[in-house]
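As a starting point, one isolated chain is supplied in structure tokens, in the form predicted alone.
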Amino acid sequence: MSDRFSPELVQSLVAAIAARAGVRQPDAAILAEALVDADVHGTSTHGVSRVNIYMRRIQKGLIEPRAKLVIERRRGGTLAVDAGNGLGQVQAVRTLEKLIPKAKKYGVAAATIRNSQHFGALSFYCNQAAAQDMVLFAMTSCEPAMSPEGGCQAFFGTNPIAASFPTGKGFPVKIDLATSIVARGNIIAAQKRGQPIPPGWALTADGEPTTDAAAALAGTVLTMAGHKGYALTLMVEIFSSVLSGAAVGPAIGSMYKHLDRKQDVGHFFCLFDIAAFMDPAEFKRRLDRAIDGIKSCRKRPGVTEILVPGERSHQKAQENLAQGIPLDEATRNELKTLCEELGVEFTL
């Protein structure tokens, strides 16, 4: 059962937990904002439900809570960054902060990030860029969950890719998708609820189709669009892991399974300053006209409105900001236990 809570209240509690676990106050605030933002936009699989595993990995010395971002190479508008095995959300925001002035100077700036962790929803960073009339093209490798086309052994992560584009509509066009047929977090959520998953999502460890969430997690998630999804997955792996110097494929540590080694996840950011290509106001006008054209297309039977990517999550955000974000009982209990262990007042 889920109850709703003020996003500000939850964010404050998460920040307090992280700070007591050893994270610097400003970094704890970044982590809390990123996690609550995911819940606000309806992506609870990447939200506050992840607090417990992050804190447990900090306690086991598998995440460095006070890691410093180290720039290993720089040339013009490019950076090669070592995240220092720090919190992924924190190091990603710090990297984006360094890319923004470079993109304003050169028009385009890019960074590879290695030695990082799972860093939540990519759209959090992409939306921050869009708010500054920029476009962030982002991708990340992940712990193994998906086999190459024709295989049944987990090699790739679900390897998402994302970008957000500013509009005059009150929300950005947001593309944020896993290259798997479904984000693995949805299968984890189904397992927690004791529910089956739809056919066509995953294979067992022996390569057989399954609707059992536990068997799917022990096996592999399927790529989206067959061989095309496989190709996109490989592209993300090359940009995020091969180019950055991060771990590749099965060498990436599992956040939940491998409580004896770091993850060494890799990310890739490419940031565009719209003003380098055209006036941002003109860009928004052109995109708004495109959106109007999309929405005016003839609708299929039973369809009342054509939505553009990012619109549904914007509507969900408006609802959750007004009514509070839902947190299930398991997540609330995990937060309460962390508070008891760390001496933080449980305020939910």
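These figures come from a predicted structure and were not determined experimentally. One rule holds for the numbers: they count along the sequence shown, beginning at 1. For the two forms, the rigid core is made up of the largest set of C-alpha atoms that agree within 1.5 Å on superposition.
Although it is not shown, the form predicted in complex with a further copy of the same chain is what the next lines describe.
- Of the heavy atoms in G61, none are within 4.5 Å of a further copy of the same chain in the model of the complex.
- Using a 4.5 angstroms threshold between heavy atoms, P26 stays clear of a further copy of the same chain in the model of the complex.
- Not displayed here, a further copy of the same chain is approached by Q153 to within 4.5 Å at the level of heavy atoms in the model of the complex.
- Shown alone here, L69 lies farther than 4.5 Å from a further copy of the same chain in the model of the complex, counting heavy atoms only.
- In the model of the complex, every residue of the candidate spot (A109, S244 and I294) has a heavy atom lying within 4.5 Å of a further copy of the same chain.
- Stretch 284-292 is the contacting one of 49-57, 317-325, 284-292, 34-42, since its residues have non-hydrogen atoms within 4.5 Å of a further copy of the same chain in the model of the complex.
- Listed residues A131, A214, M235, L259 were compared with a further copy of the same chain in the model of the complex; M235 is the one with a heavy atom within 4.5 Å.
- Interface residues of 199-215, taken as those with a heavy atom within 4.5 Å of a further copy of the same chain in the model of the complex (partner not displayed): L203, A205, D206, G207, E208, in sequence order.
- After superposing the rigid core, the Cα of Q132 is displaced by less than 2 Å between this form and the one not shown.
- Shown in the overlay between this form and the one not shown, fitted on the rigid core, is a CA shift at R114 smaller than 2 Å.
- A displacement of 2 angstroms or greater separates the C-alpha positions of D206 between this form and the one not shown, with the rigid core held in common.
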